[in-house]
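Below you'll find only one chain, the form predicted alone, shown as structure tokens.
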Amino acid sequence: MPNKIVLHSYWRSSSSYRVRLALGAKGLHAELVSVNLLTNAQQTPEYAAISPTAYVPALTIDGETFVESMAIMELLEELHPEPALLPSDPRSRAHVRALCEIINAGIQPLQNLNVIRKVSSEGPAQKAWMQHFIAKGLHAFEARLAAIEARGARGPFAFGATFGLADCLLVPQVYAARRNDVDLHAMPRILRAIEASKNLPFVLAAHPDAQPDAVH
């Protein structure tokens, strides 16, 4: 067991949110260090020494720092295999990792603050961009859930009967979708997984509004 875990995070960062969920699902406590993206705290030399990409999250375990949320969650899975976030057989793990990458690679980079600021300085144009790419990615996620379900892996969570790695990415992405008024009505499997997750204690604790650096 690690002696000390420190999470460098921003309350509304969906990548930080997913790591908070993974930590909570594992029953792990992390000391939070807020990195305010709106004041460009991620661009300081001090944070660059922690994460040269200037992204959150970064996770420090016993003085050793790890970056990139997918790598961090895979590390937590290997260090703390129970309760498992990934299924036991290789084919099922591949399906879960593909679901994760639909969000991590297909949506997340396009909704990053530095990207939408580059797209436009106007709020309506930024929102339209976000709506398009979030909806596109979540429709793909829903289609994959349907295909996986047809092979026998039913819910109520994103992959099977327990909260897992795909849920760690889906919960924050649906939060972002709702903030941007993305229509989710044609995504029943996604909505089912969110409903199954929403009242789990660690999910409630990981919510952006529950973070000490939240601004309301």
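Numbering starts at 1 and runs along the sequence shown. Keep in mind that this is a model prediction, so the values were computed, not measured.
Missing here is the form predicted in complex with a small molecule; even so, the following discussion is about that form.
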Report summary line: Checked A176, L59, I190, L37 for heavy atoms within 4.5 Å of the small molecule in the model of the complex; positive is L37
Requested in this report: Can you work out whether the small molecule is within 4.5 angstroms of a heavy atom in all three of I107, Q131 and E142 in the model of the complex?
Outcome: no
Query - 4.5 Å heavy atom contact, F157 to the small molecule in the model of the complex - result: no
Report task. Please run the contact check for Y55 against the small molecule in the model of the complex: heavy atoms, 4.5 angstroms, yes or no? Result -> yes
Report task. Find out whether any non-hydrogen atom of R18 is located within 4.5 angstroms of the small molecule in the model of the complex, and reply yes or no. Result -> yes
Query raised in the report: Closest heavy atom of Q43 to the small molecule in the model of the complex, within 4.5 Å or not?
Result: yes
Report task. Go through 81 to 89, 109 to 117, 142 to 150, 122 to 130 and give me the stretch that gets within 4.5 Å of the small molecule in the model of the complex, heavy atoms only. Result -> 109 to 117
